[in-house]
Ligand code: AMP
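Before any questions on binding or motion, here is one chain by itself as structure tokens, the form predicted on its own.
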């Protein structure tokens, strides 16, 4: 339990469009922070600390985050492509309490959940609807590993952009004494294993943070044979979010179904837009209240201002944000993305004319879609939209 509260007055007033972004980044400021809240007015930060005694040091770190993210920050112009947030819904409570009571979800550890039959059937059904999009484009199926190469992630600057969310894969070093010591003494103590860091190997792989990256890595250092490719895959993604791992809104590991486009700029942008148009009818059948708007990825502090502004200015990312009636808020359940020629340049993938390929993807977070659906329509199938009720009841 937190032992003390620290109130911080930021040296810079935090603008409204950065309140949520800065609050999420405060989870990574110091291990002593159990929770953080930025006032909507942007003039106060409240930290719950696990222990007292280092308040001055922690406040200095907080001020650094505010300075780097808020100084000179200009509110982006949000473009809304679709707005169906007023679509009728029949439920107003947080579904998590009911899911826990029914043992439909079980939290094994922070951000790690097991799902029961109801959630599993909903996830399977929603994925089948997203596969309609893949079939519409005759997307080629791919299967990707859960592990991802550290070498390739380095080539695409992932360590610079998203270091805070990485999950590392390692193993015991090939040393008889180390393996024997681990086998005899390893125990879970406090917040983790008691094994010393020197027992573990140097990191060569990480748990995959994204599905589409695997496809780009498989195409690296070669011309794209036909000049264009549409692929689809589903995979488990891992993004560590510290104290932001709350409810089913943010999971340490989650499942993404993606339809991926590789080719010329016009090819990728055309198919991204066709994806959005195709999905409108499906979301209407699902009775989903949502909005599609410009957004940015959760870049870390040092890269945030530059990269977020770039993404917004060039409309590289549109989020599908579903309404959560119980908290009068929205949750990103998917996105329509355009990466320009970033992966083509960094990975040496070229078109027949020698120019770097462009890439994009349409991605859906399956657990979030199921959670948002229950938040809007509840547990009584009689209140569900016809398409969902007929498929599952």
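Predicted model, so just to flag it, every value in this text is computed and none were measured. Positions refer to the first chain, counted from 1.
The form predicted in complex with adenosine monophosphate exists for this protein as well; it is not shown, and the discussion that follows is about that form.
- In the predicted complex, adenosine monophosphate sits beyond 4.5 Å of every heavy atom of residue 104.
- Although the partner is absent here, residue 207 lies well away from adenosine monophosphate in the predicted complex, with no heavy atom inside 4.5 Å.
- For the chain shown alone, residue 254 is a contact residue for adenosine monophosphate in the predicted complex, at least one non-hydrogen atom being within 4.5 angstroms.
- Contact annotation for residue 368: at least one heavy atom lies within 4.5 Å of adenosine monophosphate in the predicted complex.
- Segments offered: 343-351, 27-35, 360-368, 54-62. Contacting adenosine monophosphate in the predicted complex at heavy atom distances within 4.5 Å is 360-368.
- Exactly one listed residue, out of 49, 332, 70, 324, brings a non-hydrogen atom to within 4.5 Å of adenosine monophosphate in the predicted complex: 332.
- 239 is the sole member of 129, 272, 239, 291 with a non-hydrogen atom within 4.5 Å of adenosine monophosphate in the predicted complex.
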